[in-house]
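Taking the form predicted alone, here's one chain by itself in structure tokens.
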């Protein structure tokens, strides 16, 4: 896909990988629509990114808010479901509201956002849904039962969506990154020493490359990790 002048929607685009994706795609000439919950932070980010970036304040786990945003965006060529939150600890130690938040944002948010924008994606001659999952959506990990549950759900949704849309113009990709150097853990109250984990700018460049591939090329599941980190990712 030639990304110049293409309309891209990125959830969770005000920081971390989402912000890096916005920068990478804008450099290719795309029009980037960012969805994020924090309006003040979103406004600052959009101003920083320039005139081809547009911000929409919404919670992906709120169907009414996401549907309303979808009505404001005329056309969509690429949807990147990137928004997510972290939760860790044994199941008995996880608070109910934190469990609800993880499932609502990590899983239901992907389903809601895809449902809201799919009619617009289907109107284009070539379009793409890329779900940023996690390697925690491929295997269970200690202290991540709830997080893995949310990500395994996204993995299953992605695989089934591929089958549903395999004879249409919409490509579907599951992208499974390992640990990245972001504030994901800090925001959840679980800070980690992750300075040597993957750079979000480098990961964003790989995703951009994937999106640029011809419609006949299918990278339907990509797993990405960094070699030789000093801490587990």
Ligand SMILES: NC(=O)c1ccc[n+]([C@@H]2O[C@H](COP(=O)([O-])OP(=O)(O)OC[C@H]3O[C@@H](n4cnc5c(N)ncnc54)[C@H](OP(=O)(O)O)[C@@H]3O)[C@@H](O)[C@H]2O)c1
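Numbering follows the first chain given and starts at 1. Remember, predicted model here, so these are calculated numbers, not experimental data.
From this point on, the text means the form predicted in complex with the named molecule, which you will not see here.
Enquirer: Mind telling me which stretch in 145 to 153, 115 to 123, 91 to 99, 158 to 166 gets its heavy atoms within 4.5 Å of the named molecule in the predicted bound form?
Expert: Going by heavy atoms within 4.5 Å, the stretch is 145 to 153.
Enquirer: Of 138, 73, 107, 85, which residue is found within 4.5 angstroms of the named molecule in the predicted bound form when only non-hydrogen atoms are counted?
Expert: Only one listed residue qualifies here, and that residue is 85.
Enquirer: Between 204, 53, 172, 36, only one gets a heavy atom within 4.5 angstroms of the named molecule in the predicted bound form; which residue is that?
Expert: When the named molecule is considered in the predicted bound form, the option within 4.5 Å is 36.
Enquirer: Does residue 58 reach the named molecule in the predicted bound form, with heavy atoms at most 4.5 Å apart?
Expert: Looking in the predicted bound form, residue contacts with the named molecule include residue 58, since a heavy atom lies within 4.5 Å.
Enquirer: Examine residue 46 and determine whether its closest non-hydrogen atom to the named molecule in the predicted bound form is within 4.5 angstroms.
Expert: Heavy-atom contact with the named molecule at 4.5 Å: absent for residue 46.
Enquirer: Would residue 133 show up as a contact with the named molecule in the predicted bound form if we use heavy atoms at 4.5 Å?
Expert: Residue 133: yes, in contact with the named molecule in the predicted bound form.
Enquirer: Heavy atom to heavy atom, is residue 24 within 4.5 Å of the named molecule in the predicted bound form?
Expert: Answer no; every heavy atom of residue 24 is more than 4.5 Å from the named molecule in the predicted bound form.
Enquirer: Under the 4.5 Å heavy atom criterion, name the residues of 155 to 191 that approach the named molecule in the predicted bound form, in sequence order.
Expert: Heavy-atom contacts to the named molecule in the predicted bound form: 177, 178, 179, 180, 182, 183, 184, 185, 187.
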